[in-house]
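The chain that follows stands alone, in the form predicted alone, written as structure tokens.
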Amino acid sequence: MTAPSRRERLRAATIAEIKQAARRRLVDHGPAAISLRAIAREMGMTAPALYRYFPSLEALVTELVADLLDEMTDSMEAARDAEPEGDIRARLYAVTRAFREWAITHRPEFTLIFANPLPSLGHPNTRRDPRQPDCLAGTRYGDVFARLFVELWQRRPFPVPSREELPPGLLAQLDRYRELTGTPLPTGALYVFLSCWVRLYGMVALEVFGHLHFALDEIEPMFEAEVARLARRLHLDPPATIR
């Protein structure tokens, strides 16, 4: 493989610097503060000069989201891989806790990622080119949970609703999604997977956005209780407390 030229190295370094500046503005001032003009001023460039690197603000934010997704996924995979490969129970708990830990320690970044549907995981009719960086990052992130769930189902099947037990409107959508993704999960197991994800994501999002402080000063015990409840649903032993 040919080594990158000096010009290519300089371009890559400038792109990385632009994204770092965008992230600083996100963390310090929120998503609305990300603008090409403000970033150019911070870097000592003109706004038109930035268009040589990003054709639009949307393109910059899209690449930033991809980077943040990869960073979060890296932390989840590291937590998963710290557990024995055959211990699906420990690996699921590790990934679940790593997801929350990254979210609550990167609240502005979590907000940017999840304020809108991930392009790779959005409505089937609005999906973009899967080769785009944000799509690749979104798919990689989703696969961390999905592959563990499939592995659990294949090793230790748990109770799932029959097709007759699912509302027709929901059943049709699940069948469509199952066909689209090619998942080996039966429709009932896919429903359980999505249901577990809704509960997990909902709990973490409520904590990140500060919507549980009306009742709770410390959120972690509630989170652990919800994880234990999900574990029982999947016929797994409750997780050991991390404290």
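What you are looking at is a predicted structure, and each value in this text was computed from that prediction instead of being measured. In this text, residue numbers run from 1 along the sequence as written.
Keep in mind that the form predicted in complex with the DNA is missing from the display, and what follows is about it.
- Residue-level contacts in the predicted bound form: of Pro48, Gly202, Gly210, Pro184, one residue has a heavy atom within 4.5 Å of the DNA, and it is Pro48.
- When you look in the predicted bound form, the only residue of Ala189, Leu26, Ala66, Leu36 with a non-hydrogen atom within 4.5 Å of the DNA is Leu36.
- Although the DNA is omitted here, in the predicted bound form none of Ala82, Arg91 and Phe149 has a heavy atom within 4.5 Å of it.
- When the DNA is considered in the predicted bound form, Arg41 lines it closely, a heavy atom lying within 4.5 Å.
- Taking the partner from the other structure, the DNA in the predicted bound form has a heavy atom within 4.5 Å of a heavy atom of Leu57.
- By the criterion of a heavy atom within 4.5 Å, Tyr53 is counted among the residues contacting the DNA in the predicted bound form.
- Residue contact with the DNA in the predicted bound form: Arg233 places no heavy atom within 4.5 Å of it.
- Stretch 27 to 35 is the contacting one of 194 to 202, 210 to 218, 170 to 178, 27 to 35, since its residues have non-hydrogen atoms within 4.5 Å of the DNA in the predicted bound form.
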